[in-house]
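As a starting point, one isolated chain is supplied in structure tokens, in the form predicted on its own.
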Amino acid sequence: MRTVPQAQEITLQHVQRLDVESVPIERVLGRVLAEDVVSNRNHPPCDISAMDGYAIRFSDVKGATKNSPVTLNVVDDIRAGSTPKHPVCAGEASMIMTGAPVPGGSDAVIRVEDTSRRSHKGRHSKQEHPEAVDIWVEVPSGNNIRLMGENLKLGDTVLNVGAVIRPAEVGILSMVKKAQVSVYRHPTVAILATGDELEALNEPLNPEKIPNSNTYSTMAQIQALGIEPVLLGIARDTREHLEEKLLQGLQYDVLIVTGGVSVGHHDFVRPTLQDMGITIHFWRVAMRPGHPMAFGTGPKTKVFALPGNPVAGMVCCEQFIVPAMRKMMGFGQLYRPTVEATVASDVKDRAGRMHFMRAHLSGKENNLQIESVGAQGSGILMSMVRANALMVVPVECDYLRAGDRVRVQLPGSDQFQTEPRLDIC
């Protein structure tokens, strides 16, 4: 029997990053970049104005105040996308819009709010192009100017292999005209439930049957990673039907089987997988819930055999499948985040296995409190509904006192970390 860290290490040793595919920029969000991206331009392409206002020479407005403004002749009206017609000389200014190129001779931009227009009709005239402008403030050189290439420089590497593509990265990709992007491929995933006792979602209600919830909770955990798994339905408790379904699942990169992995008379999953050429690298893990958990590999497929109890299956998926899938997708941070918290009330447990106890985390960052949500049976799926965290009770621990410090895992988080960090604080 393996410990949780041992089982995690074995799993990741047998899982590699997948190959590269090219996807359109519209579908690249959340993927991991498989190529360096080099800028094909300077951005901005020249010095541009950061404000609507007037391009001026900063030396012309020294000492300007509201009570003692400096008056400059207006020689041009520069709009975004246009080209300046005149340079700015001493005693002159050019009207300029945000994003418009800064004219030669000028070295600062005064925002329009710090000016008033002057023309032959008198001060504060509303005509579109004033003959002169009163400047009320003194500004330094470079004021309100965005320099050429301050965002992107031609030839610079702007995104590196391994970058996770967020909305900002999508924007940069569009700036450098990357309509197709090389990313690491997502694994194809199939999910198979097993057991004569299971009732399919589309079957009539039978009070004697157990609803097949495992397929759908596991499906949701995989979907949360950005992957749409294929559902293979339910394999009944015969070797023939199980083998038929497993053959379908072994066409995928990852096959997740729920149930039938323990030692019961009709638990055929593990021996059937072995007969089909799957090498089982471990079976049974010193954890609660989730003890009867197996991992194997074949020529094409990684196989995870999860316990049939719904909470056990979800906890095992978080500890083993989620890190493995993220590694296959090219991510560097594989594990759900963990934090330290103070136990709010005494907790009795059984030593011998690491216990992922469903719990509720509350409080602020420097004063987090953790408390069990109640009954911890591996079949009580409502305990996962009530919980927002997993309190990690160490293998050797049979009692936690109020005030003890523990490690807490956050399975609902969209953040990840590079190490599992399940140790006690």
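Note that residue numbering begins at 1 and tracks the sequence as displayed. The structure presented is a predicted model; accordingly, all values stated were derived computationally and were not measured.
The discussion below concerns the form predicted in complex with a further copy of the same chain, not included here.
- At a distance threshold of 4.5 angstroms between non-hydrogen atoms, Asn366 is in contact with a further copy of the same chain in the predicted bound form.
- a further copy of the same chain in the predicted bound form comes within 4.5 Å of a heavy atom belonging to His43.
- In the predicted bound form, none of the heavy atoms of Gln13 sits within 4.5 Å of a heavy atom of a further copy of the same chain.
- When contacts are judged by a 4.5 Å heavy atom cut-off, Val373 does not count as touching a further copy of the same chain in the predicted bound form.
- Not one of Thr272, Met325 and Gln409 places a heavy atom within 4.5 Å of a further copy of the same chain in the predicted bound form.
- Residues within 4.5 angstroms of a further copy of the same chain in the predicted bound form, judged by any non-hydrogen atom, belong to 176-184 and to none of the other stretches in 131-139, 240-248, 295-303, 176-184.
- This chain lacks the partner; the member of Ser94, Asn212, Gln319, Thr115 within 4.5 angstroms of a further copy of the same chain in the predicted bound form by a non-hydrogen atom is Asn212.
- Here is the short version: of Cys89, Ala220, Val161, Met276, the single residue with a heavy atom within 4.5 Å of a further copy of the same chain in the predicted bound form is Ala220.
- Contacts of stretch 51-65 with a further copy of the same chain in the predicted bound form, defined by any heavy atom lying within 4.5 Å, are made by Asp52 alone.
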